[in-house]
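Given as structure tokens, the chain that follows is alone and in the form predicted on its own.
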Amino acid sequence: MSYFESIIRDGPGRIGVLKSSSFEFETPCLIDVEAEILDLGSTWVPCESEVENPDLVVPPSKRCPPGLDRDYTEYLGNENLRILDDFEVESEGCVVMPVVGGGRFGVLRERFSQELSNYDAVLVDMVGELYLPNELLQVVLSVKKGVGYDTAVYAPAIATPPLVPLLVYMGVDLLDGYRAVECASDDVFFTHTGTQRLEQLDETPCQCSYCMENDIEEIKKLKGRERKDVIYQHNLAMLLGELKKTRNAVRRGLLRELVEERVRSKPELTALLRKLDSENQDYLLNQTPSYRRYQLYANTTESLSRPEINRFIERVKTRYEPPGSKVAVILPCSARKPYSKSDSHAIYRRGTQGRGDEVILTSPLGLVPRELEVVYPAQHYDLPVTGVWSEAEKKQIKDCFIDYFSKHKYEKVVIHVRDEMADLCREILEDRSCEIESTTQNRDPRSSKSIKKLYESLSGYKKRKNRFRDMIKSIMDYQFGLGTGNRLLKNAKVKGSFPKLRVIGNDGIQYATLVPQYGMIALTIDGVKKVKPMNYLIEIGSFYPKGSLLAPGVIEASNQIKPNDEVWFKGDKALGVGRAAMSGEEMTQSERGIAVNIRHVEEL
């Protein structure tokens, strides 16, 4: 029996295991290093391979260059399916890895991939020959959508060090060392940022054992195969090292940071990431965790398009309602998170005195309501602060503020930021039917004059008495949908000291706890019975799960469920709560893996 299983996920990138009775290895990896492959090649050219005991077998196929027209490309793809139907593997314990045809046409790639979704691994035909970065993106994502979650995707003859993290982030599981050999034959060294020709080097490019053992002048003196072997070993070490960095990034939830770092080396890689972000957000959002404990570093322009940031902005627009004050206060962000723990916001509190709906202006999130300051990624992000706002940052902030003040009406808006951000806020609010007051006069917002002015501008408004209750309500709505906060807090109180808050019913039953490191609400079984957040319900079979709920036990799950979401599950024999280990879509499509890490379960 053979199978592929995803173990750890970070967006579409994942660490998995490809296993049969004769081998087992971890992905992403260089498949030609980890396994013996028998590629029976194109039916146009007889196979000359002599692998006796292969781990993987690639059936014969009619390979399709990307330059062919659609009709002939479709014909060849259908021919491959016919050839595969008649194919029988002779070696025991090996995995059959069929070829996905379809050329540069994403629709064809997806259709042919769907026909191969019952295989443990597939090979994406001629992917290294695609002409444009956009074609590569379209083809890989089409294959991923077609084969589903239980099939490893192999992109041959394409891997270079700076491209490896991006390929894994797109969803590729298997790569090879073909380009390492090809470049070595041309006297080209791999580097972290691309390639460098031998004649351009004055010293070896890295600290791998092959570079440490050989002086660059000695390598230049080598001839033929001997020189090629030295460069190849270096290139291979570079690829293996980059794969190790990529796997570690997946484990730590920092794959996106590594991708953004690597794509800066080449314009075509930056273009590829921008295309991925701008045209495939649903694909990214579906597999990107809703919550994580690690820092989110927004160091580049591409960071503004991260799925985590887009999700936060969208949920503030659609799942947030202010507490209901008649005045809004716009405040600057702070380096320390959550903002209320910072020295600057402690100073601002002397001016606000608990009055007004506070909105923090920030990049890359646009705006953060005070009630959501602990929610991921509001308390987890960091970015380089220069005092100069880019046009992209200003546009994102402007879009967020226009949406906020269009939906939520106030008698007065107090602008307690300075310089160009104060000007931007006045521009946004100038056509609103509310009073606008700036309290800094371009002074430091922390100055005694600014704080005095802030206090005076709010002195006629009521103080908020239930800040933590407002916070719990807002986080519940953000997490589970509008209305769930009020349902949770009906006939209940918020107890504890911030950030360790609990929701306790008037009858003493505990319904929920705020998990401060994630900024999320963890419901008890009594809590889900009370709130019934239907968009986060998983229907299971007639059994009682223990420890973990596995994907085969899931009958139905909401597509709104994302990895790390708080969920509840129900079947004929059990009801429980826990944290999702995969998306709702993957739960229903996958036949392997942990779907939910169970926290509490009760027998029905």
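Bear in mind the structure is a predicted one, so any value in this text is a computation, not a measurement. In case it trips you up, residue 1 is the first one in the sequence shown, and so on.
Separately, the form predicted together with a further copy of the same chain exists; it is not shown, and the next lines address it.
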* Asked: Is there a heavy atom of residue 262 no more than 4.5 Å from a heavy atom of a further copy of the same chain in the predicted complex?
  -> yes
* Counting only non-hydrogen atoms and a 4.5 angstroms cut-off, does residue 433 reach a further copy of the same chain in the predicted complex? -> no
* Using a 4.5 Å heavy atom cut-off, state whether residue 353 contacts a further copy of the same chain in the predicted complex. => no
* To do: Flag residue 324 as yes or no: does it have a non-hydrogen atom within 4.5 angstroms of any non-hydrogen atom of a further copy of the same chain in the predicted complex?
  => no
* Structure fact -> If we test each of 118, 506, 497, 207 for a heavy atom within 4.5 Å of a further copy of the same chain in the predicted complex, the one that passes is 207
* Quick one: of 510, 447, 299, 280, which gets a non-hydrogen atom within 4.5 angstroms of a further copy of the same chain in the predicted complex? -> 299
* Asked: Hey, of 308-316, 208-216, 434-442, 474-482, which bit sits against a further copy of the same chain in the predicted complex at 4.5 Å between non-hydrogen atoms?
  -> 208-216
* **Any residue of 391-407 that, in the predicted complex, places a heavy atom within 4.5 Å of a further copy of the same chain** => 391, 392, 395
